[in-house]
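Just one chain follows, in the form predicted on its own, and it is written as structure tokens.
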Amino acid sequence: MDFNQEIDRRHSESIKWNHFAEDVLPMWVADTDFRSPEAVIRALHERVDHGVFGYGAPPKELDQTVLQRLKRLYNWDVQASQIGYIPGVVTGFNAAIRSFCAPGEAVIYQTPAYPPFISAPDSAKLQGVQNPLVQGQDGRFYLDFERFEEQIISENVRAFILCNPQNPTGRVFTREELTQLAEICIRHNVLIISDEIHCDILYDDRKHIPIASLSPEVAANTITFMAPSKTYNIAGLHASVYIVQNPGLKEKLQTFCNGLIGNPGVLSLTAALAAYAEGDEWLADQNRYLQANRDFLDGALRTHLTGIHWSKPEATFLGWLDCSELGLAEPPYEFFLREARVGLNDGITFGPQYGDFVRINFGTTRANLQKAIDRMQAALAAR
């Protein structure tokens, strides 16, 4: 796979490439500009050539592929009866909080937060509780366990939406951190809803640990969501997997979804199976390319975009850029959009205190990344 290949996405239905004016370089929404694995494309062609698209159900081969993957990557023993499929992780955690939380109860999550975490409790008529990550002297973001537990007690928290790897900071939480989070949640009867959609995109030989794999006790209190969407750039096909090892929790979630949320479509399931079964080599190549992009951007922040800081991501293809030192008279999102014609994510959408931040998507060609860096540097120099 040539990850430097430029593919025209502007003349497609791409949200990423058609949101801004044509002279704006889009470096925002979290999909990549890479062609999906050939195995996925081939499987879709074969399924389309079959020519019949009636009602479908997840194939048993997909179940077995997912189960084998969980065992191989995480030494996590899961049964076929403990997994299911849903058209998206965001759909999943919205369904989960509506299934298990009653009016007046609260949902807690860490900030800066993926914006759907912020909107989900509001749309469900629940209270959202923001537990800010704390930035250490080393620039990394850390969990504030003491405040987390205090908020759970004082705010009538019923559910916790965990994001690991964390979007937008790129943190990969350690076994010790996950264990402490899980212990607090179990102690206070707080359901863990774990968004692990970025779990396959890791750097520097890091390992992902599903929180539910820590122990049977944690598994019994957790709903986990994963997906091939970010990993293999098939987000538009809407297929995600959930793992619920507590039969009562699984039944309650399925009862809520019944009649409202169905299985992913037949083409989505075809793509998911091909990606998980045959995409390992492609994924390894992509992660090497993304890590090189990350390091390339890190170098630019040290030499060409001085005044912008980040905590070097441990995972994801997203960078959380602190622009507070630039002393701009306006939000950096607006400055870089107008003056550099680079479209980033506005930090304030990740929490009201993050107006001096932007999120950049480096899941693109090296040429596009270089172009964005050059434009931003020129805009800052021209102030």
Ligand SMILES: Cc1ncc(COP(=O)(O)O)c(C=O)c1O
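Just count from 1 along the sequence shown to find any residue number. All values derive from a computational prediction rather than experimental measurement.
The protein also exists as the form predicted together with the named molecule; that form is not presented, and the subsequent description refers to it.
Taking a 4.5 Å heavy atom cutoff to the named molecule in the model of the complex, the contact residue among L70, L62, A30, L44 is A30. Site annotation in the model of the complex: the residue of A212, A274, L181, C163 reaching within 4.5 Å of the named molecule with a heavy atom is C163. Proximity to the named molecule in the model of the complex holds for all of V89, Y114 and K230, with the criterion being a heavy atom within 4.5 Å. The candidate stretches are 242-250, 163-171, 138-146, 282-290, and the one lying within 4.5 Å of the named molecule in the model of the complex by heavy atoms is 163-171.
At the 4.5 Å threshold, heavy atoms of V157 stay clear of the named molecule in the model of the complex, well away from it. In the model of the complex, none of the heavy atoms of R294 sits within 4.5 Å of a heavy atom of the named molecule. Not displayed here, the named molecule is approached by D195 to within 4.5 Å at the level of heavy atoms in the model of the complex.
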